[in-house]
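Shown next as structure tokens: one chain only, the form predicted alone.
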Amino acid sequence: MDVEIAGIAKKPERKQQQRSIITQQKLLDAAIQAFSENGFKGTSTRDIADRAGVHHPLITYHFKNKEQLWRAATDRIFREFNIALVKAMAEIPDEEPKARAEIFVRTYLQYSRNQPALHRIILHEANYPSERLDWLVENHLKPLFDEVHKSLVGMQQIGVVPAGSAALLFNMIRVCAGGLVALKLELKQTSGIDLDSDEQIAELADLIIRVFFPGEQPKPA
């Protein structure tokens, strides 16, 4: 009997947990959209709650304040990108750096197209110094830079990547990929480029690879 009562008691608890998770996801979805459109300062928690269709006090209940919600939203953007990248890289051996670089470019473009907030939030925060920018750099941007920069230096040494500052090359690649996707509405109107099209995303990836990775990887002896 006690076991049955305990089981009945747990059912409402599980439902409450599920509702809590759903509410958090709604708030994160709404926050990503709002922060990418209007930046941190231009976004109110009431706007986020309205977009999510939830009561405003639930933001402080789940995330304490706007700053913590911004961090949680940003974490989710980069976590999902890292998951996509790990999956894409899984079958490419470390001994094939050019193939890994090509997969990186294509994954970066596809993810940026599907989640334009990746670059829009960076652009908003890069306009002026702030603790948010420091946190973003330390937790997400610098680790990505360090990893790709190391790979670019290695590919320069074997002639795959042009000589010059690997740091500049990294950022040129990043802007040519995600930066263009972040401007896709303007590009469509001014240039007739439709980066919502799979074909044009693939063409952009091909161009980036040809420009920035022109050399052939030496074959093993």
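This structure is a prediction, so every number in the text was calculated from the model and none was measured. Counting begins at 1, following the sequence as shown.
If you look for the form predicted together with a further copy of the same chain, you will not find it shown, but the lines that follow are about it.
Novice: Considering non-hydrogen atoms and a 4.5 Å limit, does a further copy of the same chain approach residue 41 in the predicted complex?
Specialist: Answer yes; at least one heavy atom of residue 41 falls within 4.5 Å of a further copy of the same chain in the predicted complex.
Novice: According to a 4.5 angstroms non-hydrogen atom cut-off, is residue 104 in contact with a further copy of the same chain in the predicted complex?
Specialist: Close contact is absent here: in the predicted complex, residue 104 is far from a further copy of the same chain, nothing within 4.5 Å, heavy atoms only.
Novice: Using a 4.5 Å heavy atom cut-off, state whether residue 123 contacts a further copy of the same chain in the predicted complex.
Specialist: Yes, residue 123 lies within 4.5 Å of a further copy of the same chain in the predicted complex.
Novice: Is the gap between residue 30 and a further copy of the same chain in the predicted complex 4.5 Å or less for some heavy atom pair?
Specialist: Judged by the heavy-atom cut-off of 4.5 Å, residue 30 is well away from a further copy of the same chain in the predicted complex.
Novice: Within 4.5 Å of a further copy of the same chain in the predicted complex, heavy atoms considered, which of 169, 59, 52, 155?
Specialist: The option sitting close enough to the partner is 169.
Novice: Among 69-77, 137-145, 96-104, 82-90, which stretch has residues with heavy atoms no more than 4.5 Å from a further copy of the same chain in the predicted complex?
Specialist: That would be stretch 137-145.
Novice: Determine the residues of 43-57 with a heavy atom within 4.5 Å of a further copy of the same chain in the predicted complex and present them in sequence order; the list may be empty.
Specialist: Only a single residue, 47, comes within 4.5 Å of the partner.
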